[in-house]
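Have a look below at one chain only, the form predicted on its own, in C-alpha cells format.
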Amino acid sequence: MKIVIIGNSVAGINAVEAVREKDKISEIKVISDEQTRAYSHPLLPNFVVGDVSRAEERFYYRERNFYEKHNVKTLLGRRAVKIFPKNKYVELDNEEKVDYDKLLIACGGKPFVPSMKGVELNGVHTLTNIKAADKLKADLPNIEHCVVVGGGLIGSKIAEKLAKKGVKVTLVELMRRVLFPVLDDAGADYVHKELKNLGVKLVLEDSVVELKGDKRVKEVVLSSGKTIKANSVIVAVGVRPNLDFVADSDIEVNKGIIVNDYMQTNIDTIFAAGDVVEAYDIVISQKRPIPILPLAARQGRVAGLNIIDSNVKYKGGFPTNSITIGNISFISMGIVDSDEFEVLKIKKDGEYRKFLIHDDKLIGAILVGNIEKAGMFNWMIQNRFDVSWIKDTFLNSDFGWKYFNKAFRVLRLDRKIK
C-alpha cells in the first residue's frame, strides 16, 4: 500500500508512528513545503531571540533518524498544490505527481493577516513557521521598536521575548484583554501586569489599519486614529486551516476539513488530522477547528491507525492552553468565561483559580500561579466526570488526590449503604 502524508508536523509524525506499529511494509511518503524535520512551533519565539537553536534536540519533535528508522521517504521543500481523488495522486509545485492508495492531509494552518495597507513593507513579519522565524531572527538587529498585532499565545510570547532583549514593544489587541478567549479578565490581569513590568505597552480594544513607510515600515496607524512610530511589525492574529490546495477536490470543507469519528473525510481513501480539520469538541458538543498541539497528535495517531484499518474512534477533545509570561504561568481548558454555568473561583496570594461546572460536570478551568494539579482537572473534563461530591475542594491550594480519595471513599460507602 502507498501512504502519502501532506504535512510534517505533530499530526503527521504521530500518524507515521501509528502506521508502523502494525505495518512495517507499506510505502510512506511525507510531503512538506519546509526543508527541515518536524520541529516545535511553540518554541519559535524562543528560537527568534536565541534561547533555543536548530542544533538542540529539544527544538524537534523526534530524533534525527526518525524517518530512516520508520522507513519514510520525505519530499521536503515541495508544496502540494492539488489533490486528484479519482486518480489518487497529489500534484506538487514542480508538477510531480505522487500516487497514493491512502492519503492523510495534516498540513496545519496558515497565518491570518487582517486587511491593512502596507503589509508588503520590509520589517513586517509573521511567526507561524520556521521560514518566518528565520526572517524575523535575521531582522532582529535592525528592530528598535516593534508593534505586535494580536495578543494571543504567540503574540504575547514574542512580545515578552523581544522586551527581554531590550526591544521597545507595543502590543495591539482588538479585544479588551490579551489571550482572549484563552483567559477571562481576572486571569488576563496577571499577564497584563507581567508584560507591563517588562516594558511592553498594551493598546487594547484597537486594531491596526495601515502601515506607513518608504521601503521599511516606519509608522503604524490604528483604527482609533492614533499612530505608533515603529520600524517592525509582527502580525500574530492567529491561524486558519490551510485549505488552499483542497479546493476543487470534492473533499468536504467548512471552516476546516470535515472528518468523521475515524478522521476520515467524505472520500474513504482520504483522511485528515490536526489544525486543518474540524473535529469534535466534547465540551460544546460540536465540531470545529481547535489548533492545539496535543489534539493534533491524538488525531494524527487515530488517522494513522485507521489508514491501516484499525477501526479506532477519535473521542474528541477540547482547547487546552498553557504558557509562561514573565513570572506567571497559567493553564486554561475548556470554557473559561460564561455566565450560564456554575462558577467557582478564588483569587489570592498571586494565585487565581476558576472552575465552570454544568450538570455536575467540569467543563472549564483556569489555573494561574499554581498549575500543579492541572492534569487532574483535564482528566475530569475529558471523562465527563461527576464532580458534585468533590467540587467544594477545587478552590483549595493543596487540592490533590488526598481530597479525591477521601471523597471517593465516602461516595463508595454511601452507595453501599443505599
Ligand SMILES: Cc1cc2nc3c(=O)[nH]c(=O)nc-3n(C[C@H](O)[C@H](O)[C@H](O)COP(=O)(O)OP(=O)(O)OC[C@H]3O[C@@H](n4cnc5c(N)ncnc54)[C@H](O)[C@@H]3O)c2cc1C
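Just count from 1 along the sequence shown to find any residue number. Just so we're clear, the structure is a prediction, and the values are computed from it rather than from any experiment.
Beyond what is shown, the protein has a form predicted together with this ligand; the following relates to that form.
*Asks:* Choose one stretch from 362-370, 28-36, 347-355, 377-385: the one whose residues place a heavy atom within 4.5 angstroms of this ligand in the predicted bound form.
*Replies:* In short, 28-36.
*Asks:* Do all of 41, 107 and 273 end up near this ligand in the predicted bound form, with near meaning a heavy atom within 4.5 Å?
*Replies:* Checked in the predicted bound form: all three residues contact this ligand.
*Asks:* Only one of 291, 123, 152, 317 gets a heavy atom within 4.5 Å of this ligand in the predicted bound form. Which one?
*Replies:* Exactly one residue meets the criterion: 291.
*Asks:* Looking at 80, 172, 98, 143, which has any heavy atom no more than 4.5 Å from this ligand in the predicted bound form?
*Replies:* The residue in contact is 80.
*Asks:* Would residue 10 show up as a contact with this ligand in the predicted bound form if we use heavy atoms at 4.5 Å?
*Replies:* Yes, contact at 4.5 Å.
*Asks:* Give a yes/no on whether residue 4 approaches this ligand to within 4.5 Å in the predicted bound form, heavy atoms considered.
*Replies:* No - in the predicted bound form, heavy atoms of residue 4 and this ligand never come within 4.5 Å of each other.
*Asks:* At the 4.5 Å heavy atom threshold, is residue 242 in contact with this ligand in the predicted bound form?
*Replies:* Residue-level check for residue 242: yes, a contact with this ligand.
*Asks:* Mark residue 296 yes when one of its heavy atoms lies within 4.5 Å of a heavy atom of this ligand in the predicted bound form, and no otherwise.
*Replies:* Yes.
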